[in-house]
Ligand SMILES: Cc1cc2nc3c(=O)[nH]c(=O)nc-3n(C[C@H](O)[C@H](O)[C@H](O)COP(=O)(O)O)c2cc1C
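The data below hold one chain only, encoded as structure tokens and taken in the form predicted alone.
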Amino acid sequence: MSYERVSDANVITEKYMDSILFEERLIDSAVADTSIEFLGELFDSPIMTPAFSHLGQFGGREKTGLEEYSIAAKELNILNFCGMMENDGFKKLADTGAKTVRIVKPYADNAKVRDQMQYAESVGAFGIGMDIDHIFGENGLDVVVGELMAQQTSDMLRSYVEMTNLPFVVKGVLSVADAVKCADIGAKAIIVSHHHGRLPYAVPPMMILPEIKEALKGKDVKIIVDCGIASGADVFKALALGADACAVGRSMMPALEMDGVEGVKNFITKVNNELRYIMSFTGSSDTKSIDPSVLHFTEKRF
């Protein structure tokens, strides 16, 4: 018997996510509360924005897409993330008033890494972090918009944690080994992600998530999941499997491009309403009471 081989991690991830089903638990259920406490702050939803980079102006509007979704995050009271940019660009995001985590690329120029992290703290970032999965390219170390990247050691990451008073977030964790190292160096949160499939055949974040959750038991590390999160059902599955929060990414882009701030607000509100609906149907009164035993798997492996 022949079958079609699929190496695209995004396709593999989507297939795995769709294999997870819910059972209903309606007796004694109530309308769910989606608010969360995260790194010392109360947010209205476990849905977070992505660490996007290089978004220009859409539709001739005055503000960049990065500024627009930051404003939306502020108005929705959710945690905001951003990615690769220069300091003046981050200042514009900080000025929106959104609680924002700046995820810095692993530049070979270590002085630039430190400068961007220190600058973010100086202008009021909620947290800082690093994108560890944008290190390698097909020919060795990656080059992103003309900037050479470099591999990161535990000692290097620990030095970034120790130079700031802000929560440090490591993005691009996809193994128990890296999750434990992040805890050991003092990171306060990790983003479990394969960065839209940079590695062929990468394990789906939700498949590895329970193992990471178990390995971090008793450690003060929050877990965020991204890759393919597009609905309240996706968010619920991640929370049930051990995540504290989820980031929407490419699923948000059409709404952002079309309608800017209001488009993002409408999209995330819709996803959050879907989450509340599923939580209510499964007897989950709040995010802490989600019981993983409501999940059923039609496929364990491919």
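Note that residue numbering begins at 1 and tracks the sequence as displayed. Just so it is clear, the structure is predicted and the values come from calculations on it, not from any experiment.
Another form exists, predicted together with the named molecule; not displayed. Remarks below refer to it.
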| item | value |
| --- | --- |
| Contact flag, L55 vs the named molecule in the model of the complex, heavy atom cut 4.5 Å | yes |
| Contact test in the model of the complex: P204 vs the named molecule, heavy atoms, 4.5 Å | no |
| G232: touches the named molecule in the model of the complex, heavy atom cutoff 4.5 angstroms | no |
| Close approach of A243 to the named molecule in the model of the complex, 4.5 Å, heavy atom | no |
| Selected contact from K219, K112, K91, H196, since only one has a non-hydrogen atom within 4.5 angstroms of the named molecule in the model of the complex | H196 |
| One residue of A125, L209, A179, I103 in contact with the named molecule, assessed in the model of the complex (non-hydrogen atom, 4.5 angstroms) | I103 |
| One stretch from 91 to 99, 147 to 155, 76 to 84, 179 to 187 that, in the model of the complex, holds residues within 4.5 Å of the named molecule by heavy atom | 76 to 84 |
| Site check K171, C227 and G249: each within 4.5 Å of the named molecule in the model of the complex by heavy atom | yes |
